[in-house]
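Take a look at this one chain, the form predicted alone, written out in structure tokens.
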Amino acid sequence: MEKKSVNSEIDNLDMQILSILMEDATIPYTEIAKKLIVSGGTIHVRMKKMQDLGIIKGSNLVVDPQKIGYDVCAYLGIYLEKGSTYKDAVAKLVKIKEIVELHYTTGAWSMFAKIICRDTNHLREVLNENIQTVEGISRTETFISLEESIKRQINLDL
């Protein structure tokens, strides 16, 4: 039996709904329905379908970390001793709340992480006492972000 791709199960209306909500996730379904000239029920059904397909993974509140005292954003290239230690390392790294993103990568590093800390002392503590003590991590390279110039969702090109 041939597996259908997710793309074949969504249409232009679904893409329009996604586009609107990616701009502002607080827009009521009734307002989306008016914009797209469909019923509110249609929006509910389409949203449920896209959630079931895993296209929509949830929604969250976006907070500016600097405004609540987290002034340092750093990126960390993580070298593993062996690729086979990846899953165990991730199981330990997921417990470090300052790591807000972690990617398994190709290239020089095995993993690449985004870390948010209060200040450089907090960053040093997280690096030295939490991350670099994880079994399987051989070394790390840290890059401190001076400014976030672009942050956005993908463009759906409608």
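What you see is a predicted model; the values in this text were computed from it and never measured. In this text, residue numbers run from 1 along the sequence as written.
Form predicted together with a further copy of the same chain: not shown, discussed below.
Exercise for the section: Mark I37 yes when one of its heavy atoms lies within 4.5 Å of a heavy atom of a further copy of the same chain in the predicted bound form, and no otherwise. Expected result: No.
Exercise for the section: Mark L53 yes when one of its heavy atoms lies within 4.5 Å of a heavy atom of a further copy of the same chain in the predicted bound form, and no otherwise. Expected result: Output for L53 is yes: heavy atoms within 4.5 Å of a further copy of the same chain.
Handout entry: a further copy of the same chain contact at V45 in the predicted bound form, heavy atom, 4.5 Å
Key = So V45 does not count as contacting a further copy of the same chain.
Handout entry: is_contact(C73, a further copy of the same chain) in the predicted bound form, heavy atom dist at most 4.5 Å
Key = Residue-level check for C73: yes, a contact with a further copy of the same chain.
Practice task
Scan 53 to 82 and note down the residues that get a heavy atom within 4.5 Å of a further copy of the same chain in the predicted bound form; none is a fine answer too.
Solution key: Contacts from 53 to 82: L53, G54, I55, I56, K57, G58, S59, N60, L61, V62, V63, D64, P65, K67, I68, G69, Y70, C73, Y75.
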